[in-house]
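Next comes just one chain, in structure tokens: the form predicted on its own.
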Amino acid sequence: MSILQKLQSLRDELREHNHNYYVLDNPTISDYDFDIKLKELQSLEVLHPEFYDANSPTLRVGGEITKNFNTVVHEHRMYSLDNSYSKEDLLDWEKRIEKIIDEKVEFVCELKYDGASISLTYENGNLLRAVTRGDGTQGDEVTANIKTIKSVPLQLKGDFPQKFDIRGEIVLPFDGFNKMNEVRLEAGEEPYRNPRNTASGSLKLQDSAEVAKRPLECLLYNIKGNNLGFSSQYQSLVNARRMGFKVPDASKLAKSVDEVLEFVNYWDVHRHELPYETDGVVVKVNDLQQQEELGYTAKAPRWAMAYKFKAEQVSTRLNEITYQVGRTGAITPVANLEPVELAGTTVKRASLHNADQIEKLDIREGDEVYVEKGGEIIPKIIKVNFSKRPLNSQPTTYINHCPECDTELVRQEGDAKHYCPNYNGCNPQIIGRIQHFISRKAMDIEGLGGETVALLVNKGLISNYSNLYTLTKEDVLPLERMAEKSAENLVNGVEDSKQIPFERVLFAIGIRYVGETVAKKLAKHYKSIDAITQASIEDLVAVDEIGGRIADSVVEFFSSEENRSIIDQLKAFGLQLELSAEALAGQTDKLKGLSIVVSGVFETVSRTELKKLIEDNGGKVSSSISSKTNYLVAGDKMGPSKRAKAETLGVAIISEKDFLSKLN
């Protein structure tokens, strides 16, 4: 046997033992024998570096140092999930699905593990990269650290797609977490707070050898890619197991919401027997074709829903109510609590939302209150324990002046929040707007963080986000904890941000109610900031998904002389305030004013490409047929009731070929 054959034989054998032990939980070799074979492989690889294998089992021990984690854009966006807390929520979701899908819908139920989300990319059966969720659009590459996790296959088994992403959670089992804490306590160190945060923190350790010491596991649940070779979510889980991934066995195919609830009720009781943290059940439409037809909202897939188990509750004392000012001037009352342990973290504060909520709960300083984590993430006060209320208790009087600048607060009719109207003179608003401007989804200015923004404002160096573009290295060097290299990075980061595309600049300037999706819609429709500045309320509400509230806010923003002056300064500094030639390429008004529904399976282009073609040519993609629908583009396997409804309403039904011909 040649050296290369010997190396390959050992690698294949060790991969199989790894899979049996860490994925199947069925070891077929002793730890001692495994270690002997691993050392033999390591020795051969040292002697023969010409046969290096990036996915060798020896690399699982770590040792690679990563000082900076590269930011990588996800090829397939990682969405959040909408949450439900009752049978009624699930039934409402099912009704929304039935409005779009006119065939029988089956569901897959999977346990929702509480860990750190990860996306693994495989090409030709080998692990190519591992990227954290980040903001869903882009994340940090942590491949070296992920390779140390034994349940992540570095090379796949059997048949697999040529290239795909698989999503999952990096979790820390309770046993391993407890053992880690025992070691820390013996060493006189603070114990880790909870498995989830410890797992998440492990992914960003600079030394992969340190990650290798932690008993992390990777549980997979969703495959994304083209030509995958299966047609349902349940089938994808079966295929993933065959490829060598650790896919939890608890998943179930359900034919109705009642069967979904049986699964939920069972695991709400039995989840405490599991070796990992769980906080609910994820319910997905099983058929991938139906998933594609349902599509996505701006933040979440319409075909999936997270059912959250009832949150843990604790009782504690409310010491004081304080008030925070947001970047829009909105006032948020905050309950400052006697610190209490809740779902693995220490809770000291909880939002009270607004004056109506305080009045509804009749909540007062000194009260004993019940706190839970809404969706087990954000603490909130559920109710007051009136039996423990102090005799001298006084009702809460909501403030009427800004806690920061003392301006009298305003509250519009129908709005739950109070606002400070001192837009240009209230420091938290100024700081908040600039922090929003530099944030990752907006201008993403490298080298500039929220704390530095606050320092710049408080030192009088900037008073709005356009001032960032006048900063020099000499301006920022005197700031606290600012070294020469940091100052250079900040100034360079500001300069680089001038290349950020128009739709993100529009989101960054912070018009109330204009989030990422609305900014994209406005940018695509108007193509420049000047055109948006001139738009009337009537013009704006005619744009797809722009309602009266957004239109009012846009017009109000640009009616401010101060805001227009800042925009003029941004123009002078060279920011992208109109769509680039590249973004405009391929866009026409051929379908302007037309509402089009897409249904079925297509041959020439994918459903996603078809929807993009409609939007790029000025049309609106609608999910359901109504009297306002102009065309139904019908593919193969389109549901009969959709066709019948289109015919009843007199909606023109055209084929994929006819539609593409229409666009030439």
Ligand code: AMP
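Start at 1 and count along the sequence shown; that's the residue number. Because the structure is predicted, anything quoted here is derived from the model rather than measured.
Same protein, other form: the form predicted in complex with the ligand, not shown, and the subject of what follows.
Under a 4.5 angstroms non-hydrogen atom cutoff, the ligand in the predicted complex lacks residue 276 among its neighbouring residues. Contact check for residue 550: no non-hydrogen atom falls within 4.5 Å of the ligand in the predicted complex. Within this chain, residue 80 lines the site of the ligand in the predicted complex, having a heavy atom no more than 4.5 Å away. Put simply, residue 133 is close to the ligand in the predicted complex: some heavy atom of it is within 4.5 Å. Stretch-level contact analysis of 177-185, 146-154, 482-490, 107-115 against the ligand in the predicted complex, using heavy atoms and a 4.5 Å limit, identifies 107-115. Between the options 373, 252, 308, 520, the residue in contact with the ligand in the predicted complex by a heavy atom within 4.5 angstroms is 308. Residue-level contacts in the predicted complex: of 282, 342, 430, 381, one residue has a heavy atom within 4.5 Å of the ligand, and it is 282.
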